[in-house]
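In structure tokens, one chain follows: the form predicted on its own.
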């Protein structure tokens, strides 16, 4: 699935992934390829984008996550590479 992570300052990540875990405002959420349409507000915590045996980890605070048409968009108020 295609994953994009952006903040108000810059595009942080844009690529293919096998899984995404994110801190929703009410707990962790996991997204796999072909996930049903889904949208949630983000809380504060680790966002992990996994592709094969490689994981990219970011710390996010606020914003939202949208999964639709095998694409995940993360628009975060704050993002830091971890």
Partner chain sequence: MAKASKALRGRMRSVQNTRKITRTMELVSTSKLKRAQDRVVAARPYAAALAEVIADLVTPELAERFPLLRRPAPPEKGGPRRAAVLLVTSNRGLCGGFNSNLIKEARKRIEALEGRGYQVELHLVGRKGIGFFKYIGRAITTQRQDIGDKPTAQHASELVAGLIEEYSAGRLASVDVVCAKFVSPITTPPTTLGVLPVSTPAVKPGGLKADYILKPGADEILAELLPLYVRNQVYRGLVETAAAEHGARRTAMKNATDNAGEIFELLKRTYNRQRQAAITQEIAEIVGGAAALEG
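Values in this document were obtained by computation on a predicted structure and should not be read as measured data. Numbering follows the first chain given and starts at 1.
FYI, the form predicted in complex with the partner chain isn't displayed, but the following is about it.
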item: Residue 23: touches the partner chain in the predicted bound form, heavy atom cutoff 4.5 angstroms; value: no
item: Contact test in the predicted bound form: residue 75 vs the partner chain, heavy atoms, 4.5 Å; value: yes
item: Residue 60 within 4.5 Å of the partner chain in the predicted bound form, heavy atoms; value: no
item: Residue contact check: residue 13 to the partner chain in the predicted bound form, 4.5 Å heavy atom; value: no
item: The partner chain in the predicted bound form - contacting residues of 1-23, heavy atom within 4.5 Å; value: 6, 7, 8, 9, 10, 11
